[in-house]
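Read the single chain below, which is given as structure tokens and is the form predicted alone.
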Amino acid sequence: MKVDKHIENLKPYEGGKPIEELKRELGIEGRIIKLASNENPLGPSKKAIEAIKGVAKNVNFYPDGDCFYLKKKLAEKLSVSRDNIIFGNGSDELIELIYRTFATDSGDEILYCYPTFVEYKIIGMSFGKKLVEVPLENFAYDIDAIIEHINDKTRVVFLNTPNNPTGTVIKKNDIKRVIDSVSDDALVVIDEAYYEYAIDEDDYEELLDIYERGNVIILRTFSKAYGLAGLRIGYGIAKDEIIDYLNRVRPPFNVNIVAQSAALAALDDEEHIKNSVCAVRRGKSYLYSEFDRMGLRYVKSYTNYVLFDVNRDANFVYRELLKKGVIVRSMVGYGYKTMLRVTIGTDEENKIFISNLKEILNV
């Protein structure tokens, strides 16, 4: 079968290793702790679970293509218009819609820092786009370098804040500098997948009002703090003109009926979000203190994960943790050869992870 060169060179996204796969590979019968994919260890809201059960009998019907009730409730929560919101089958689909809508010419350039959320690159490669990667500086976005790479061919600039996998953030004034540097024909995408965790930090700045500047879209998700990763639902906030264009390209029933019902209920459960954020805050504090005791360098995170340095081959430590039933994420593929990324788990899971890490590192 003949395919274009850019498809032939494309490598599929590799998520965190599933629990069942690890059990099969290593023959582990006991408990597996998955701390690799930045999922909510508390699970979804009980209200969301009840909503899922309640809507199950209706899955023979197509979903509401406009997500009317969910859009209405979210618009009220954010104090924006319904016309400023679009929902997607995860933020991934919204990223793809952005490519399909606003980067349609062969000479269009896509700009982002690296390492960052890898889907910007994978989706861009699938469309055959010219991808301009600007290296991170000290684990954070190099705003001056980004601005230097902006030209009249730049069509989309991705700003991932907090950035995955480093957990660092971009200051609001720096985001405004990028917006001021692009043409009116370019779109600046502010990806805030970890917003609920980030806003809990004292120095994280609210960015929602930036969408009013025009050529901006803010992406958020129900996958992280809301614990609905398995249902795939994210959303974008932008001026109504941008949302209108995206809706013209969007598939008619892209968000399924179960995801809509669960997200609608999850928005009502503020206590669950509070508990989820508190659990991450407590877990990060514990991991920071343990890393300090072990003499391991780590990057301050505004998310529910921590990037840290094991001072040796990260793949070796990753595999040794796997043997003990602990799944984390090796950062070797991102160019950080001695670093791992660990998701904040429950208090018990965090302690098991640290205990096993100490044994492997002999500290």
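Start at 1 and count along the sequence shown; that's the residue number. Bear in mind the structure is a predicted one, so any value in this text is a computation, not a measurement.
Heads up, the form predicted together with a small molecule isn't pictured, but that's what we're talking about next.
Taking a 4.5 Å heavy atom cutoff to the small molecule in the model of the complex, the contact residue among N164, Q260, N254, N84 is N164. Comment: the small molecule is not present in this chain, but in the model of the complex one of H149, R282, R100, R232 has a heavy atom within 4.5 Å of it, namely R232.
Checking 190-198, 173-181, 150-158, 68-76 against the small molecule in the model of the complex, the stretch whose residues place heavy atoms within 4.5 Å of it is 190-198.
Among heavy atoms of D92, some come within 4.5 Å of the small molecule in the model of the complex. At the 4.5 Å threshold, heavy atoms of S223 reach the small molecule in the model of the complex. Shown alone here, F117 lies within 4.5 Å of the small molecule in the model of the complex, counting heavy atoms only.
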